[in-house]
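Shown next as structure tokens: one chain only, the form predicted on its own.
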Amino acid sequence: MVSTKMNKLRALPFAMFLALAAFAVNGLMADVASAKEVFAEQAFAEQAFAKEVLAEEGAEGEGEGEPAIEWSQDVFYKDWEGNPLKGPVSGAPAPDLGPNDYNNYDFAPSRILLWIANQQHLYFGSFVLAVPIFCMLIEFIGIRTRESDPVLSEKYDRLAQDLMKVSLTAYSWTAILGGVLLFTFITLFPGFFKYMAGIFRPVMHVYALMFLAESGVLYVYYYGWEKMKHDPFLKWIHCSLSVLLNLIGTVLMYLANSWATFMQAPGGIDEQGRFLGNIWHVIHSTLWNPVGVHRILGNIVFGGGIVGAYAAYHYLTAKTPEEKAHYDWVCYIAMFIAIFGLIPLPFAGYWLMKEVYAFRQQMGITLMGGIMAWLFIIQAVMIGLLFFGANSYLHNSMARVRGSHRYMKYCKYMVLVLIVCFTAWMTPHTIVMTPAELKEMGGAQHPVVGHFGVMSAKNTAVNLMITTTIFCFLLYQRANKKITVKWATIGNCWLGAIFVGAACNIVYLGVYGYFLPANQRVGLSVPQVTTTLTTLFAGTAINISMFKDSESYGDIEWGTQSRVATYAIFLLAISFTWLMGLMGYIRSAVRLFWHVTEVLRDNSPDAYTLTIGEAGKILTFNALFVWVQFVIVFWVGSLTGKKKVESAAPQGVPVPAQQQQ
């Protein structure tokens, strides 16, 4: 028992030592772990701090390398709340152009040279854009009539191919004139061109690529004509190529329009002219769509006039009855397309002027009531001549249609309406007079005639002229047809009610406009235009519906077109050429002393508005010059169509020299 206690006492110190040792070891291990944890935390904190410092330094470094983004307000575009839209400044401000930014020749002002180069390019551009539209329509009609009338289908197809051949020569000519225009810009207006190129750089590259695409499709379309002509499936593929060709051409035209509309009504830039990073805003300015529609319709009328004049010339110089009949028929097709574009053209002009007023009211006043007002009077005269020419062609051409005697008695009344409306249409609001004449009359506005110079009278006049032309066109359509449908009487009554009702409504709205303030009077043009369009669509639909199972009074006597109708085609073609140049000049001249309205000032020595006489001389020169070029192009195009004259066979057989000895 005692020994056991003694052993326990001996083991106690050892246990205490082991416990102390274990505690010491545990404490030592805990201190080491704690030290490691503290070290790790400290290291992590140092690394995180270092990263933050590097990030801040990096951010500071980046800020020093690139300038801070500056935002500015658009001069045109607004957000949903009506506040100016903001965009990042992405371009240089418009330069303050000085004498070193302009070059000139001694023989002519730079502005005139640029005007001529631009107008000539526009003339040919319009023609080569219009002809593919004709070819597409004519080829489509030819395909649709292949089974019912193969002979007529072949005529349509040959006509479309002949027009395309002429267009091919004009296409190269247009490209050359485009190069002349580009060099004129670069050499005479380098400062202005540099600013425009800085903004429209991507658009110009896309334009070049689209031009390349159009060239490729054009050559495949023309040179693949014969190979794809006989197979029905390939023929539809070929016709589809014409659709693609017109789509590309329309895109090209709209891209080129964006440069002109930007100059007149800019968008996508701030007040200093700095690009705000959105190229669509620059392209899609407020005048882009109305100018595009107006130009498409104008191209159709212009192209129809040129082709009609080409056919009219060959009709007058034709040697055989077959040749005369062919070109008489081509005249009819060309004039049909031209009138189709002429009827809605004034409405597109209304839309354009409405947008001009919406952009800057002062610009609209300058056009309609300021220094450009007399140019609009001249424009009214030219438009009146166009409608006179179109109606004259229809009246005189009806004489070759058997059965047309039923409607010829109405022609004199239509001419009377046209004369009255034309007189009101061209009446000025104010008259240029001497101070003595002003004093005697009591003001610039005549007490009686002046009432016909306001928009109420002019809108009424032009809508009645268009309605009369539509009525004449419907009579021409049914001239050789004997209507046999049971509802013929009802249909004729409907047609009469539509036209009489339309005329009454147009006159009523015109008179009612005199009792309204000017700002409300403008709104009456909308129902007047709607009334006129109703006569066009409803009248044409009813008229065509009545042709079902109709009998013919006889074939049209092609080749017997009167000379008056033929000269009317020349009148229409030349009038529209001159009018097209006039409208282009008005749109450009309304910017007055600005390259880009209210952004880039024109500081050249030529920054002045021409007098009406000076402008008229340049317009006439442009019209004559382009017609000379068209004659050359048509002559070049006709060279490939001439048959080779086979040389006469020698009468004697060649004798070898050895036998002659």
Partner chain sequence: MNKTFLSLIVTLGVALALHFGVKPMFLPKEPTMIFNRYAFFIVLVLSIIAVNLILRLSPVMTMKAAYVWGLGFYFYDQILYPHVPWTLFITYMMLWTIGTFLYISQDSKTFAEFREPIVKTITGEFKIARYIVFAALPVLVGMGTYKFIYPTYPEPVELRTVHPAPPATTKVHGKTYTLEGLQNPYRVDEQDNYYEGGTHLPVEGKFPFLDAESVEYMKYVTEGGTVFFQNCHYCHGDQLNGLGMFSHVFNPTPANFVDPGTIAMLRESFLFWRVSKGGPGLPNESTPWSSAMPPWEEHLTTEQIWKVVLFEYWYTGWHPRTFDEESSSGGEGGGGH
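None of the values given here were measured: they were computed from a predicted structure. Between two forms, the rigid core is defined as the largest C-alpha subset superposing within 1.5 Å. Residue numbers count along the first chain shown, from 1.
Missing here is the form predicted together with the partner chain; even so, the following discussion is about that form.
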Quick one: does F537 come within 4.5 Å of the partner chain in the predicted bound form, counting heavy atoms only?
no
Please check if F347 has a heavy atom lying within 4.5 Å of any heavy atom of the partner chain in the predicted bound form.
no
Taking any heavy atom pair closer than or equal to 4.5 Å as contact, tell me whether K412 reaches the partner chain in the predicted bound form.
yes
Answer for T434 alone: is it within 4.5 Å of the partner chain in the predicted bound form, judged on heavy atom distances?
yes
Location of the partner chain contact in the predicted bound form, chosen stretch of 310-318, 147-155, 116-124, 448-456 [non-hydrogen atom, 4.5 Å]
448-456
Honest question, do I371, F422 and P428 all end up within 4.5 Å of the partner chain in the predicted bound form by heavy atom distance?
yes
Partner-contacting position among F359, Y508, Y254, F211 - heavy atom within 4.5 Å of the partner chain in the predicted bound form:
F359
Let me know the one among T366, T467, T460, T531 whose heavy atoms come within 4.5 Å of the partner chain in the predicted bound form, would you?
T366
Looking in the predicted bound form, the residues of 74-90 with a heavy atom no more than 4.5 Å from the partner chain, listed in order, are F76, Y77, K78, D79, W80, L85
Taking the rigid core as the reference frame, is the Cα of R402 displaced by 2 Å or more between the shown form and the other one?
no
Core fit, then K227 C-alpha moves 2 Å or more between the shown form and the other one:
no
Superposing on the rigid core, I want to see if G82 changes position between the shown form and the other one - specifically a Cα shift of 2 Å or more.
no
